[in-house]
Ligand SMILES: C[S@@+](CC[C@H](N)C(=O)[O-])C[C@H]1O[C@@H](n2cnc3c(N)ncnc32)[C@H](O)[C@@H]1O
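Quick setup: one chain, the form predicted on its own, written in structure tokens, and binding and motion questions come after.
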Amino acid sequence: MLLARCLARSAPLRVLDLMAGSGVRSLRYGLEGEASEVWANDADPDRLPLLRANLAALPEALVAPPSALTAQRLLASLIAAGERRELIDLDAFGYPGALLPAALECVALGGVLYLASTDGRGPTGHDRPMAVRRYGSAARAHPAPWELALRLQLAAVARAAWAQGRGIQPLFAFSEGRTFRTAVRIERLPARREEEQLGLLAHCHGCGEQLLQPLLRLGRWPACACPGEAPLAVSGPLWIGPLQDPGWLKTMAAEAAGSPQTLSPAAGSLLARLMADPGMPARVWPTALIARQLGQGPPPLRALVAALRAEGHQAEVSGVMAGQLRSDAPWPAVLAAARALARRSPASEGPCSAARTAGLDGEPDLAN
């Protein structure tokens, strides 16, 4: 709703809720999102009476007649009529990849596609054939599976947009482990060197190293710290660029601060986490993995971030998964900094602490 209100500040906001279900979110777009038009659609015709009843609270001039069309037919009709919407909400069961080209055709330039998928097994590396079929990408087991899924989803959006000559700007991306949500602004043209944001991510299950390569500069993988030639688990092509746009998130936070409606604690915490983590670089480790590599208790995450920054590296607390470090530091430097912190904090050593997976200063690690 904050995203919708921010979009409505610059131009009239016409919202298409493609898979509206009961229509509650469509209702909220009208009541809270300051939309100038709300069109709710659900392919199940038995939902139409409920859609009409729930949307009756909105002014008649604000509501397009609810429809019961398949998403394919509705999008095709919009394309045939040359109509576009400033916000298209595509919240599907499973992965709606087949709808992406048509949905992008119907997003106004500068508008936003809000995409949600409940397809977790394929893009998190638990079903490789499914990932290849649906995303055209390999997905291998990775210590940051939620982020892996979001990056595969963004890569699919980027490829579909580029095929139409358009560019994309991810505004935010998040998950709670069941649904993977991305909001993507659609630009008239790709930004300069935008194609470099598509690449491959390799993870070594032996030493824990992670390596990145853009597809445009694909070459041999550098050696990791393992003796001999380590088998790397390579995922991609996926989006290796930023997951969040700090400017948009700050605008949304300002909108929330100036609104009489109070954000829930969970929503406020999520917004703060995403603002603090732009999602770059795409190298993320749970502190539990660092602890296993060192054979000791996990390092305090914020102290580890501060130590790596003091050495001149980029380091963030991941906003996508709890208890995870994001950094461009060489993997040996990450381990050395964590080991130094453990030497200064004897209480973090020992078998009991090594079994503990606290990451965010006592917050439980949800990575595994």
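Don't overthink the numbering: it's just position in the shown sequence, from 1. What you see is a predicted model, and the numbers here were worked out from it, not measured in a lab.
The same protein also has a form predicted in complex with this ligand, omitted here; what follows describes it.
Among 41 to 49, 313 to 321, 327 to 335, 298 to 306, the region lying within 4.5 Å of this ligand in the model of the complex by heavy atom distance: Stretch 41 to 49 is the one.
Find the only residue in Leu78, Met275, Cys224, Ala92 having a heavy atom within 4.5 Å of this ligand in the model of the complex. It is Ala92.
Quick check on this chain: which one of Ala161, Ala71, Ala230, Leu198 has a heavy atom within 4.5 Å of this ligand in the model of the complex? If I apply the 4.5 Å criterion carefully, the residue I get is Ala71.
Are any of the heavy atoms in Val24 no more than 4.5 Å from a heavy atom of this ligand in the model of the complex? Yes, Val24 sits close enough to this ligand in the model of the complex that at least one of its heavy atoms falls within 4.5 Å.
Touches this ligand in the model of the complex: Leu18 (any heavy atom, 4.5 Å): So Leu18 counts as contacting this ligand.
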